[in-house]
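Two versions of one and the same chain are coming, encoded as structure tokens; call them structure 1 and structure 2.
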Structure 1
Amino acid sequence: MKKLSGACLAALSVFAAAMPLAAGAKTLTEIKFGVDATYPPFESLSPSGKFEGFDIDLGRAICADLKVKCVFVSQGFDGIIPALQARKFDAILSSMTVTPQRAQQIDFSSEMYNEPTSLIAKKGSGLKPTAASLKGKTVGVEAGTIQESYAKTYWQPYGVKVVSYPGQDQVYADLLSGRLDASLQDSVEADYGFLKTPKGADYTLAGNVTYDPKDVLGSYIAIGIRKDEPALKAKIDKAIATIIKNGTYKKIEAKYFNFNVYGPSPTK
């Protein structure tokens, strides 16, 4: 093993002193969560500009258990992992599914929740979430999501036009305008964030995605954390276990859903 020179050691000391301390090396007083606030009922902005939604309430419960301040930072989903790695915030709390590709870049907390991926189409269209049914049609997806990866992997090569958008709200806007024939997103967001609103009255769930031999859709939803923050991951995992055990999770879940969101299939 080669030794570093005195000058190199001095330079490294200065560099190390300038680096942010890891969560485990200091008292944790605050957690900044990166959030794509275009995905109700999980995360969105209220008319007054405040963050709200299932993920937001879960984040606040985690922070309360850890006795730290909760801060939410708005970030487009397509750039949310690079922003985490650039230390713009401490963790990703934005309906992010664990996939092998993402797990190479960042760590994840224990499971938060889960649900299937679904297609939305106009009532009576007869469209189904298959390449054969959607051939020649245009499907909208949010950029950076597993739905985008799925549509581009299984549908685009077979004549389906896949259009990516910065936010889910923009997908719905073009679906309503007729620019899209269908949209692909998680089933709960589709149901509660669109179909149960006045805008979604003429649309329906056209089916859940089941074909996925390449495991594009990944597994469960979790909080994304930098790989160099094992102490923060441990604290968040402990807090998740606590709010599930003491009933806080169930109370938050009941505020938004009338079913158990610990499902078998992934979301975003």
Structure 2
Amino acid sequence: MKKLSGACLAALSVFAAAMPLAAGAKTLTEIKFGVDATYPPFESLSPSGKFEGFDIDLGRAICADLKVKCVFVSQGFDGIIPALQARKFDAILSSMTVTPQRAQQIDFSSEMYNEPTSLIAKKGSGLKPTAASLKGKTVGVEAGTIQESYAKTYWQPYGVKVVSYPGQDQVYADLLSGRLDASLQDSVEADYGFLKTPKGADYTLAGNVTYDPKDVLGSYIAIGIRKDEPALKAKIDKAIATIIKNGTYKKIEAKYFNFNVYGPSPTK
């Protein structure tokens, strides 16, 4: 009995200690980020199983600025928004582009970086990422990406054959085999995933997409946060502004890219 009451007491005291934290909720001690670590150089797992990449470094810089602990949680991209809403973690840090549809479900921080969408084609093909240039050609995209929506919205109605693939690897495979004349994906993925590999030697960046009146490509990449946590959003926004201002961002950027990944001044 004594033991039991002791346990009860201990449980109660733990509960009591937890109470102010739960009630206050403002005393942030750690941020749990949901990450789909399959997307180098933004986020991936090192051979020893540690999270690494541009996003991860930015996340750590944000945590350091807010003086909180950073925790990264692995989560497949398909289910990353439902998992955020199920409170498996506090924020999504996984190269997520802000789109109107996603913004209906969750809030987004201010801009983290911006990846232009670009077209790859064989060297000397002279193709440009416009409907007029690609007319009658076959363009490959990965299913479920904003690039698929883009090609289907602006190109397919004008006689470009758009073929969706289950994965980006298959797009490259068919680009190599000759089934495709060109492929559309984000520029960093194109550069790291294909052009810089030996297989991509005969191919080149045919240009970035600029025409987007219907805002299919969304605006920029940001951290996703639940809609009921404006306080966390405000803190993360402030931290992003700080690391950009104090030069931490530039330092991290230089580690991964040789160009300005923040892009021109944010449009929104």
Partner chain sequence: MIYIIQNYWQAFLYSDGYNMTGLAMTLWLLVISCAIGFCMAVPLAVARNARNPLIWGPVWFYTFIFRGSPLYVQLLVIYTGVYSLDVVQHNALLNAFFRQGIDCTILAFALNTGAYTTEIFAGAIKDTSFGEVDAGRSLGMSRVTLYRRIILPSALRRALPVYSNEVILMLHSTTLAFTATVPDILKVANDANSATYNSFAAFGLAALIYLCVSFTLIYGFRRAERHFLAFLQP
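Rigid core here is just the name for the largest C-alpha set that superposes within 1.5 Å across the two forms. Residues are numbered by position in structure 1's sequence, first residue being 1. This one's a predicted model, so the numbers in the text were calculated from it and none came from an experiment.
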query	finding
Structure number of the form predicted in complex with its partner chain	2
Chain position at the hinge linking the two rigid parts, options L45, D65, Y154, N114, forms compared between structure 1 and structure 2	N114
Rigid-part reorientation between structure 1 and structure 2, C-alpha based, degrees	28
Rigid-core-superposed Cα shift at V216 between structure 1 and structure 2, Å	3.0
